[in-house]
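Listed next as structure tokens is one chain, alone, in the form predicted on its own.
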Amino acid sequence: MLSPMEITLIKSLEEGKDYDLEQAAKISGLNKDAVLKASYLLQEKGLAEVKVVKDISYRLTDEGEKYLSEGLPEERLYSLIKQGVDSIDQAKKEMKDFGIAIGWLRKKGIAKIEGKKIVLLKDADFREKELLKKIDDGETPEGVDELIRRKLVSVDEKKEIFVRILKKPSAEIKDVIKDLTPDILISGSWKGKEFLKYDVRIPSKTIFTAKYHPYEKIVAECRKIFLEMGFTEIKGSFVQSSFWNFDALFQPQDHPARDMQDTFYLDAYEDLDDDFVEKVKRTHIDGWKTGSTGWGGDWSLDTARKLVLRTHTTAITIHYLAMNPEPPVKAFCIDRVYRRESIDATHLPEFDQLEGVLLDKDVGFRHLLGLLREFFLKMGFEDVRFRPGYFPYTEPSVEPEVYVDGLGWVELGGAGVFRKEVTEPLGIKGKVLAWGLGMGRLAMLRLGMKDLRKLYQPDLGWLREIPVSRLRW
């Protein structure tokens, strides 16, 4: 049985006559895509013939025109050698493209190098120039593949498709109903008509619909959870001063994490707020008014003014707290950070971090644990535990872990209560609960991945196959 599209085409065109797609579309009233599809379907049934005619033409590239005018490099070098210039040094002085020329002479077996001399092995016939001349004259000679590979000639290919109706079925070509619509049912016009038959056993082609990147979806899910918990999302510059990235967090200036091996430094400096600087400086040296003894030693303003690619988004949250020191404050940041990491399956020099802070007067460590447990539960991790940890700017500190079947307990970041050496120099009033989580590791667990790099690779196969809904365990 012919489809309505095939019937329309076969009825419209004359038998035994060639039509191009545009002509066939104009006569039949179908668009060109429909004509092409109907033509091939009719061809499968032996009712039509589809012919594809290719028109290939060549043209010289700028380099091809240059070689046609000046001669091929190997041709010019061959000529020099014939004139007695067999010294490599002398040949290099005579022609700028000596390397290309000697390369082709050796590839063609025409010459070889012995010491500092070029030795001809046989007489040469450079047919390429003849081919370039024919192409320039508008001819389409054979044997130009090498010239195309050398980018001396480019190819223009035009394709035209013709359809010819071979025969029309002797039986009456009936219109069939393809889609049963409400109008057809109400009017009863379906009575006495044939319906197009579909073979539902034929495997259908897989259709890949558009969807969010799974990593973007996890980031959006984390953002939604904190927004629902009353937090405000904040953003900041990728480039930060060492002061906000390290010093304001009571990280000593000789801390290993500040080494060039771990941090990307920029050859630039930033002016700092004198009030903050003096208090932070005093806190580092002797503890200032915080009751701490500080780190002792010297503290360098130039070191603090150096710009870095931020190594964590805590640089953003601590700056935000310094500008908003009165409680309550609830803020989080999901953004890119940079560290000098060797690239492997679990480390990248550029990755995303989820950072959050909660400033209030009557909050403590247990609130921090409860908040993080709630977040991980909302993310689908049912078993959560906390292991004591150490970070220079929080006390007490913990490392949250979640249990994953097949992997056991997996650590997902760090958390703690900001030390007074961090909050008091910046005028922050109250206690600050803070946490930082690696988004990449979180995504790996949620997506069942073993290689973090896959998140950033244009692997369409993986992106198409990964289910949209498999975002929970």
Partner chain sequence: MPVVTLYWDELEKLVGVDRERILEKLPMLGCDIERVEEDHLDVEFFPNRPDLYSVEGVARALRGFFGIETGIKRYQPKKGDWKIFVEESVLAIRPRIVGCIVRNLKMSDEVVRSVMQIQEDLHWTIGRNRRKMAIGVHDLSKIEFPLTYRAVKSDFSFVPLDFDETMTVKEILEKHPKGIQFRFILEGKDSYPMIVDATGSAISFPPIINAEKTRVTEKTMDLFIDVTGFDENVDKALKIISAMFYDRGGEIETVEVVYPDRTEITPDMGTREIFVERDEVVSLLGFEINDEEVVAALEKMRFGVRLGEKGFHVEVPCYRADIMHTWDIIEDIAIGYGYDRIIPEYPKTSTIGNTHKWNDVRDMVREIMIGLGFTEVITFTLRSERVQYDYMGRTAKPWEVYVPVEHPLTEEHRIIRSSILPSLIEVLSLNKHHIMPQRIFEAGDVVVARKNRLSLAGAITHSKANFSEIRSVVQAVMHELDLGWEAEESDDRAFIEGRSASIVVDGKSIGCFGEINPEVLEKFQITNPVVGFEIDLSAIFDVGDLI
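Here the structure is a predicted model, which means the values were calculated and not measured. Residue numbers count along the first chain shown, from 1.
Separately, the form predicted together with the partner chain exists; it is not shown, and the next lines address it.
K.L.:
Name the stretch, out of 30 to 38, 439 to 447, 414 to 422, 44 to 52, where some heavy atom lies within 4.5 Å of the partner chain in the predicted complex.
P.N.:
Of the stretches listed, the one contacting the partner is 414 to 422.
K.L.:
Within a 4.5 Å heavy atom cut-off, is Phe162 in contact with the partner chain in the predicted complex?
P.N.:
Residue-level check for Phe162: no, no contact with the partner chain.
K.L.:
Even though the partner chain is not shown here, does Ala304 get within 4.5 Å of it in the predicted complex, heavy atoms only?
P.N.:
It does not: once the partner chain is placed as it appears in the predicted complex, Ala304 has no heavy atom within 4.5 Å of it.
K.L.:
Is Tyr338 one of the residues lying within 4.5 Å of the partner chain in the predicted complex, judged by heavy atom distances?
P.N.:
The answer is yes: Tyr338 has a heavy atom within 4.5 Å of the partner chain.
K.L.:
Report yes if any heavy atom of Leu369 sits within 4.5 Å of a heavy atom of the partner chain in the predicted complex; otherwise report no.
P.N.:
Output for Leu369 is yes: heavy atoms within 4.5 Å of the partner chain.
K.L.:
Looking at Lys167, Lys108, Lys178, Lys211, which is the one with a non-hydrogen atom within 4.5 Å of the partner chain in the predicted complex?
P.N.:
By the 4.5 Å criterion, the partner-contacting residue is Lys211.
K.L.:
Between the options Leu121, Leu185, Leu196, Met323, which residue brings a heavy atom to within 4.5 Å of the partner chain in the predicted complex?
P.N.:
After the contact test, the surviving option is Met323.
K.L.:
For 336 to 354: residues with a non-hydrogen atom within 4.5 angstroms of the partner chain in the predicted complex?
P.N.:
Sequence-ordered list: Arg336, Tyr338, Arg340, Glu341, Ser342, Ile343, Leu348, Pro349, Glu350.
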